[in-house]
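Below you'll find only one chain, the form predicted alone, shown as structure tokens.
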């Protein structure tokens, strides 16, 4: 056999070997920009675990059509500028088509970038009203603050709580929630007696609480995203005679577990985890599958469903294609029924009361 014929034979054999060996499916890279350090870390860690738990489950089953899912986690420290840096890193260097995000300020900061670069943002934790229209590429699996406040306002008025004071966080989420409550509570027939701001991560609320208590309200409406444990402790120490109410922002696992939180009420998206799922989560992380873990687990499941639709249609997994597929599916039945008629899902909302380490539903669907 001549040298040239030997080389041709080698090429043919190599081609046959290549055809006999199936090509490995390329990993699908996703991003997550969450508060993993700082005052928001308690919530951010739960969010991270929810995403990772869902990812581990899908990969254990072979991924999506053979594609392994890999999530790159970035710490935004609950800071908008840090979120922008993380977004650029994930998109420009990693080329991710979709990013899980949380906290209103950081999410609003990267929303215009998502529009420009056609990256799908999946928010399962932030609730500023501005998120509803911040970007066509931002979808929210939680209702906005306004939606929850409307339910709580009507509940308070119906239960004779018509004089309110407001403690709010001096940032996008807190100011938006305050404005919503003031407007809707007045519309429902209530009176606002006093308002006091707090800073993100603040731990001493006594000066503000003394001023608010002096107004003699029936109810204190709280809109803070961090610092619920010291707030609950200080409210208990002061033995305040009024009801304390808020939104899902109150659903800090550490606050729920704190005995001093007993009696606090808040609106809450109705999302449960089956016993076997909650047990498997606890076995993996040695922690309960709390609200934000459930939220982000569910958001990850939605994202995987959307990715599969794109792959089944033989399309590239891009932010644009993912967004189109999500609104084509529109209705999702995971841990919670969810319908995307707009960028913000419609979901059932309850009113819960913290009772001796538990979060107990006292009004299903706010009724």
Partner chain sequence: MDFLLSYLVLAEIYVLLGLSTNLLVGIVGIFSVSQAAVFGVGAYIVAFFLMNTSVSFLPALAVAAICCVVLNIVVTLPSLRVSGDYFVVTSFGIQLLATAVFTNWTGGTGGANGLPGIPPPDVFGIQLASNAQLALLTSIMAGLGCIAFWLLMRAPFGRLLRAIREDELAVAAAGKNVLRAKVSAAALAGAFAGVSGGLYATFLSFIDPSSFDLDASILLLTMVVVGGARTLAGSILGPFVLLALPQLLSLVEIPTTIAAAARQLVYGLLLIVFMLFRPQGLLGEKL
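Residue numbers count along the first chain shown, from 1. Computed from a prediction, not measured in an experiment: that's the story for all the values here.
Another form, the form predicted in complex with the partner chain, is not on view; read the next lines as being about it.
- Message: Just to be sure I understand the contacts: of 276, 204, 272, 92, which is the one whose heavy atoms reach within 4.5 angstroms of the partner chain in the predicted bound form?
- Response: It is 92 that has a heavy atom within 4.5 Å of the partner.
- Query: Heavy atom within 4.5 Å of the partner chain in the predicted bound form: which of 55, 298, 45, 321?
  - Reply: Comparing distances to the partner chain in the predicted bound form, the residue within 4.5 Å is 45.
- Message: Can you tell me whether residue 144 touches the partner chain? I mean in the predicted bound form, with a 4.5 angstroms heavy atom cut-off.
- Response: Answer no; every heavy atom of residue 144 is more than 4.5 Å from the partner chain in the predicted bound form.
- Message: Whether residue 198 contacts the partner chain in the predicted bound form should be assessed with a 4.5 Å heavy atom distance threshold; does it?
- Response: No, no contact at 4.5 Å.
- Task: Tell me, yes or no, whether residue 290 is in contact with the partner chain in the predicted bound form, where a contact means a heavy atom of each within 4.5 Å.
- Result: No.
- Message: With a cut-off of 4.5 Å between heavy atoms, is residue 263 one of the residues that contacts the partner chain in the predicted bound form?
- Response: Although the partner chain is absent here, residue 263 would stay clear of it in the predicted bound form, with no heavy atoms inside 4.5 Å.
- Item | Which of 305 to 313, 59 to 67, 30 to 38, 329 to 337 lines the interface with the partner chain in the predicted bound form (heavy atom within 4.5 Å) | Going by heavy atoms within 4.5 Å, the stretch is 30 to 38.
- Query: Are all three of 77, 128 and 171 close to the partner chain in the predicted bound form, meaning a heavy atom of each within 4.5 Å?
  - Reply: Yes: 77, 128 and 171 each sit within 4.5 Å of the partner chain in the predicted bound form.
- Message: If you apply a 4.5 angstroms heavy atom cut-off, which residues in 80 to 100 are near the partner chain in the predicted bound form?
- Response: The stretch touches the partner through 80, 81, 82, 84, 85, 86, 88, 89, 92, 93.
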